[in-house]
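A single chain comes next, written as C-alpha coordinates; it is the form predicted on its own.
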(Lines give C-alpha, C1' and ligand atoms only; values in the text may rest on other atoms or scores of the structure.)
Protein backbone atom coordinates (compact mmCIF):
# COMPACT_ATOMS: atom_id res chain seq x y z
CA UNK A 1 0.00 0.00 0.00
CA UNK A 2 2.88 2.38 0.73
CA UNK A 3 4.19 1.85 -2.79
CA UNK A 4 0.79 2.74 -4.23
CA UNK A 5 0.56 5.86 -2.07
CA UNK A 6 4.09 6.89 -3.02
CA UNK A 7 3.35 6.32 -6.70
CA UNK A 8 0.16 8.37 -6.61
CA UNK A 9 1.76 11.22 -4.68
CA UNK A 10 4.62 11.34 -7.19
CA UNK A 11 2.17 11.35 -10.10
CA UNK A 12 0.11 14.16 -8.60
CA UNK A 13 3.12 16.15 -7.46
CA UNK A 14 4.86 16.10 -10.84
CA UNK A 15 1.92 17.26 -12.96
CA UNK A 16 1.97 20.97 -13.78
CA UNK A 17 -1.82 20.92 -14.09
CA UNK A 18 -2.07 20.21 -10.36
CA UNK A 19 -0.36 23.48 -9.47
CA UNK A 20 -2.23 25.48 -12.10
CA UNK A 21 -5.63 24.18 -10.98
CA UNK A 22 -4.90 24.72 -7.29
CA UNK A 23 -3.50 28.19 -7.92
CA UNK A 24 -6.42 29.32 -10.08
CA UNK A 25 -8.88 27.80 -7.62
CA UNK A 26 -7.34 29.70 -4.71
CA UNK A 27 -7.35 32.95 -6.68
CA UNK A 28 -10.98 32.56 -7.76
CA UNK A 29 -12.06 31.73 -4.21
CA UNK A 30 -10.14 34.74 -2.84
CA UNK A 31 -11.66 37.08 -5.44
CA UNK A 32 -15.06 37.24 -3.73
CA UNK A 33 -14.00 38.46 -0.26
CA UNK A 34 -11.61 40.88 -1.98
CA UNK A 35 -14.42 42.32 -4.10
CA UNK A 36 -16.68 42.52 -1.02
CA UNK A 37 -13.98 44.31 0.90
CA UNK A 38 -13.20 46.81 -1.85
CA UNK A 39 -16.90 47.53 -2.42
CA UNK A 40 -17.81 47.91 1.24
CA UNK A 41 -14.57 49.31 2.60
CA UNK A 42 -15.07 47.34 5.80
CA UNK A 43 -17.81 49.72 7.00
CA UNK A 44 -20.79 47.34 7.23
CA UNK A 45 -20.74 44.91 10.19
CA UNK A 46 -20.32 41.31 9.09
CA UNK A 47 -23.33 39.02 9.43
CA UNK A 48 -22.84 35.24 9.69
CA UNK A 49 -24.06 34.85 6.10
CA UNK A 50 -21.47 37.36 4.87
CA UNK A 51 -18.66 35.56 6.69
CA UNK A 52 -19.66 32.15 5.34
CA UNK A 53 -20.02 33.39 1.76
CA UNK A 54 -16.75 35.30 1.90
CA UNK A 55 -14.66 32.49 3.38
CA UNK A 56 -16.05 29.73 1.19
CA UNK A 57 -15.29 31.82 -1.86
CA UNK A 58 -18.80 32.06 -3.26
CA UNK A 59 -19.85 28.43 -2.97
CA UNK A 60 -23.00 29.51 -1.16
CA UNK A 61 -24.01 31.34 -4.35
CA UNK A 62 -23.98 28.08 -6.30
CA UNK A 63 -20.53 28.81 -7.80
CA UNK A 64 -18.17 26.46 -5.93
CA UNK A 65 -14.99 27.79 -7.51
CA UNK A 66 -12.43 25.83 -5.50
CA UNK A 67 -14.59 22.69 -5.40
CA UNK A 68 -14.85 22.68 -9.19
CA UNK A 69 -11.07 22.94 -9.63
CA UNK A 70 -10.48 20.19 -7.07
CA UNK A 71 -13.03 18.04 -8.90
CA UNK A 72 -11.02 18.51 -12.09
CA UNK A 73 -7.91 17.35 -10.21
CA UNK A 74 -9.97 14.31 -9.17
CA UNK A 75 -10.95 13.70 -12.80
CA UNK A 76 -7.31 13.95 -13.89
CA UNK A 77 -6.30 11.43 -11.18
CA UNK A 78 -8.07 8.68 -13.12
CA UNK A 79 -8.97 10.14 -16.53
CA UNK A 80 -5.40 11.20 -17.36
CA UNK A 81 -4.25 7.60 -17.05
CA UNK A 82 -6.52 6.63 -19.94
CA UNK A 83 -6.15 9.83 -21.93
CA UNK A 84 -2.36 9.54 -22.09
CA UNK A 85 -2.17 5.75 -22.19
CA UNK A 86 -0.35 5.39 -18.88
CA UNK A 87 -2.88 3.09 -17.25
CA UNK A 88 -1.06 -0.06 -18.45
CA UNK A 89 2.36 0.90 -17.03
CA UNK A 90 0.56 2.05 -13.89
CA UNK A 91 -1.07 -1.34 -13.44
CA UNK A 92 2.25 -3.01 -14.17
CA UNK A 93 3.83 -1.00 -11.35
CA UNK A 94 0.82 -1.40 -9.02
CA UNK A 95 -1.09 -4.52 -10.18
CA UNK A 96 -3.43 -4.54 -7.18
CA UNK A 97 -6.31 -2.46 -8.56
CA UNK A 98 -8.04 -1.97 -5.23
CA UNK A 99 -4.86 -0.57 -3.71
CA UNK A 100 -4.31 1.73 -6.67
CA UNK A 101 -7.78 3.31 -6.47
CA UNK A 102 -7.64 3.52 -2.69
CA UNK A 103 -4.28 5.29 -2.96
CA UNK A 104 -5.75 7.77 -5.44
CA UNK A 105 -8.65 8.46 -3.08
CA UNK A 106 -6.43 8.96 -0.04
CA UNK A 107 -3.85 11.18 -1.74
CA UNK A 108 -6.38 13.35 -3.58
CA UNK A 109 -8.57 13.66 -0.46
CA UNK A 110 -5.61 14.75 1.65
CA UNK A 111 -4.56 17.36 -0.93
CA UNK A 112 -8.16 18.60 -1.22
CA UNK A 113 -8.46 18.98 2.56
CA UNK A 114 -5.20 20.93 2.81
CA UNK A 115 -6.01 23.20 -0.14
CA UNK A 116 -9.52 23.90 1.17
CA UNK A 117 -8.25 24.81 4.64
CA UNK A 118 -5.56 27.05 3.10
CA UNK A 119 -8.21 28.73 0.94
CA UNK A 120 -10.43 29.41 3.96
CA UNK A 121 -7.45 30.80 5.87
CA UNK A 122 -6.54 33.12 2.99
CA UNK A 123 -10.13 34.34 2.64
CA UNK A 124 -10.47 34.87 6.40
CA UNK A 125 -7.23 36.87 6.33
CA UNK A 126 -8.57 39.05 3.51
CA UNK A 127 -11.78 39.73 5.45
CA UNK A 128 -9.76 40.44 8.59
CA UNK A 129 -7.67 42.97 6.65
CA UNK A 130 -10.77 44.85 5.47
CA UNK A 131 -13.05 44.59 8.51
CA UNK A 132 -10.52 44.23 11.32
CA UNK A 133 -12.36 41.23 12.78
CA UNK A 134 -14.26 38.14 11.70
CA UNK A 135 -16.70 37.51 14.57
CA UNK A 136 -17.98 34.03 15.38
CA UNK A 137 -15.63 32.32 12.96
CA UNK A 138 -15.37 29.12 15.00
CA UNK A 139 -18.89 29.22 16.43
CA UNK A 140 -22.22 28.09 15.02
CA UNK A 141 -23.64 28.75 12.52
CA UNK A 142 -20.48 29.91 10.74
CA UNK A 143 -18.27 27.12 12.08
CA UNK A 144 -20.69 24.41 10.93
CA UNK A 145 -21.04 26.07 7.53
CA UNK A 146 -17.28 26.13 7.00
CA UNK A 147 -16.93 22.51 8.10
CA UNK A 148 -19.71 21.71 5.63
CA UNK A 149 -17.75 23.54 2.92
CA UNK A 150 -14.75 21.30 3.58
CA UNK A 151 -16.95 18.18 3.36
CA UNK A 152 -18.66 19.53 0.22
CA UNK A 153 -15.34 20.10 -1.55
CA UNK A 154 -14.14 16.61 -0.64
CA UNK A 155 -17.30 14.97 -1.98
CA UNK A 156 -17.22 17.10 -5.12
CA UNK A 157 -13.63 16.00 -5.79
CA UNK A 158 -14.57 12.34 -5.28
CA UNK A 159 -17.48 12.68 -7.72
CA UNK A 160 -15.00 14.00 -10.30
CA UNK A 161 -12.58 11.15 -9.64
CA UNK A 162 -15.36 8.58 -9.91
CA UNK A 163 -16.61 10.06 -13.20
CA UNK A 164 -13.08 10.06 -14.64
CA UNK A 165 -12.74 6.38 -13.78
CA UNK A 166 -16.24 5.54 -14.98
CA UNK A 167 -15.85 7.22 -18.38
CA UNK A 168 -12.15 6.30 -18.68
CA UNK A 169 -11.33 9.79 -19.86
CA UNK A 170 -11.40 13.50 -19.12
CA UNK A 171 -13.80 15.34 -21.50
CA UNK A 172 -16.99 13.40 -20.66
CA UNK A 173 -16.35 13.63 -16.93
CA UNK A 174 -15.74 17.41 -17.10
CA UNK A 175 -18.95 17.90 -19.10
CA UNK A 176 -20.98 16.00 -16.49
CA UNK A 177 -19.33 17.78 -13.52
CA UNK A 178 -20.42 21.14 -15.01
CA UNK A 179 -23.62 20.17 -16.80
CA UNK A 180 -25.37 18.40 -13.95
CA UNK A 181 -25.15 21.04 -11.16
CA UNK A 182 -25.26 24.17 -13.32
CA UNK A 183 -27.89 23.21 -15.90
CA UNK A 184 -29.77 19.97 -15.28
CA UNK A 185 -30.51 20.47 -11.58
CA UNK A 186 -31.30 24.17 -12.07
CA UNK A 187 -33.75 23.32 -14.86
CA UNK A 188 -35.48 20.70 -12.69
CA UNK A 189 -35.69 23.15 -9.77
CA UNK A 190 -37.05 25.85 -12.09
CA UNK A 191 -39.70 23.52 -13.49
CA UNK A 192 -40.84 22.62 -9.98
CA UNK A 193 -42.05 26.20 -9.51
CA UNK A 194 -44.68 25.67 -12.22
CA UNK A 195 -47.98 24.61 -10.55
CA UNK A 196 -48.62 21.88 -13.12
CA UNK A 197 -45.24 20.34 -12.29
CA UNK A 198 -45.44 20.62 -8.51
CA UNK A 199 -44.98 16.85 -8.30
CA UNK A 200 -41.28 17.61 -8.83
CA UNK A 201 -41.05 19.48 -5.52
CA UNK A 202 -40.44 16.40 -3.30
CA UNK A 203 -37.64 15.27 -5.64
CA UNK A 204 -35.60 18.48 -5.34
CA UNK A 205 -34.10 17.51 -1.97
CA UNK A 206 -32.68 14.37 -3.63
CA UNK A 207 -30.80 16.26 -6.35
CA UNK A 208 -27.22 15.56 -5.25
CA UNK A 209 -25.46 18.85 -6.01
CA UNK A 210 -28.41 20.94 -4.82
CA UNK A 211 -28.64 18.92 -1.62
CA UNK A 212 -24.88 19.27 -1.18
CA UNK A 213 -25.23 23.06 -1.09
CA UNK A 214 -27.06 22.65 2.23
CA UNK A 215 -23.72 21.67 3.77
CA UNK A 216 -22.63 25.32 3.48
CA UNK A 217 -25.99 26.95 4.02
CA UNK A 218 -26.88 29.31 6.83
CA UNK A 219 -30.64 29.57 7.16
CA UNK A 220 -31.48 27.33 4.21
CA UNK A 221 -31.07 27.63 0.45
CA UNK A 222 -32.42 30.61 -1.45
CA UNK A 223 -34.09 28.99 -4.47
CA UNK A 224 -35.45 32.17 -6.06
CA UNK A 225 -38.74 34.09 -6.00
CA UNK A 226 -41.89 32.02 -5.84
CA UNK A 227 -40.04 28.85 -4.94
CA UNK A 228 -42.09 26.34 -2.91
CA UNK A 229 -40.99 24.77 0.35
CA UNK A 230 -38.57 22.01 -0.61
CA UNK A 231 -38.15 20.58 2.89
CA UNK A 232 -34.46 19.69 2.65
CA UNK A 233 -33.07 17.16 5.10
CA UNK A 234 -30.84 19.63 6.91
CA UNK A 235 -27.10 20.25 6.70
CA UNK A 236 -25.77 16.75 7.34
CA UNK A 237 -28.77 14.85 6.00
CA UNK A 238 -28.51 16.68 2.69
CA UNK A 239 -24.76 16.11 2.77
CA UNK A 240 -25.51 12.40 3.06
CA UNK A 241 -27.57 12.63 -0.15
CA UNK A 242 -24.56 14.13 -1.95
CA UNK A 243 -22.22 11.56 -0.40
CA UNK A 244 -24.53 8.71 -1.45
CA UNK A 245 -24.46 9.98 -5.03
CA UNK A 246 -20.65 10.04 -4.93
CA UNK A 247 -20.59 6.52 -3.46
CA UNK A 248 -22.87 5.18 -6.22
CA UNK A 249 -20.70 6.74 -8.92
CA UNK A 250 -17.59 5.27 -7.34
CA UNK A 251 -19.16 1.85 -6.77
CA UNK A 252 -20.06 1.58 -10.47
CA UNK A 253 -16.67 2.89 -11.60
CA UNK A 254 -14.71 0.67 -9.20
CA UNK A 255 -16.68 -2.45 -10.21
CA UNK A 256 -16.12 -1.81 -13.91
CA UNK A 257 -12.45 -0.99 -13.33
CA UNK A 258 -11.92 -4.41 -11.76
CA UNK A 259 -13.74 -6.20 -14.60
CA UNK A 260 -12.45 -4.30 -17.61
CA UNK A 261 -9.19 -4.78 -19.37
CA UNK A 262 -6.75 -1.92 -18.74
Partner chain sequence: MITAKGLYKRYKKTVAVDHLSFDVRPGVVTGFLGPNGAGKSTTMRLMLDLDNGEGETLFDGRRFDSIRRPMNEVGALLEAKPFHPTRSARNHLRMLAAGNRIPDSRVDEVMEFVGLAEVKRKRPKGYSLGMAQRLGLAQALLGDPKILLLDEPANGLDPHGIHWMRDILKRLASEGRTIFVSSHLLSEMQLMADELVVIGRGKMIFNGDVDQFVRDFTQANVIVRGPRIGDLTAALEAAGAEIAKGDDGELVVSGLEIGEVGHVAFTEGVELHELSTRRASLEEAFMSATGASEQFVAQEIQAAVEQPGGAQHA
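Numbering follows the first chain given and starts at 1. Given the structure is predicted, the values throughout are model-derived calculations rather than measurements.
Keep in mind the form predicted in complex with the partner chain is missing from the figure; the text below concerns it.
**Student:** Pick from 190, 143, 89, 125: which has a non-hydrogen atom within 4.5 Å of the partner chain in the predicted bound form?
**Tutor:** Only one option qualifies, and that one is 89.
**Student:** Looking at 111-119, 180-188, 81-89, 125-133, which stretch has residues with any non-hydrogen atom within 4.5 Å of the partner chain in the predicted bound form?
**Tutor:** Comparing against the partner chain in the predicted bound form, the contact stretch is 81-89.
**Student:** With a 4.5 Å heavy atom cut-off, would you call residue 10 a contact of the partner chain in the predicted bound form?
**Tutor:** Residue 10 belongs to the contact set for the partner chain.
**Student:** Heavy atoms within 4.5 Å of the partner chain in the predicted bound form: does residue 93 have any?
**Tutor:** Contact with the partner chain, yes.
**Student:** Is residue 15 part of the interface with the partner chain in the predicted bound form - any heavy atom within 4.5 Å?
**Tutor:** Residue 15: yes, in contact with the partner chain in the predicted bound form.
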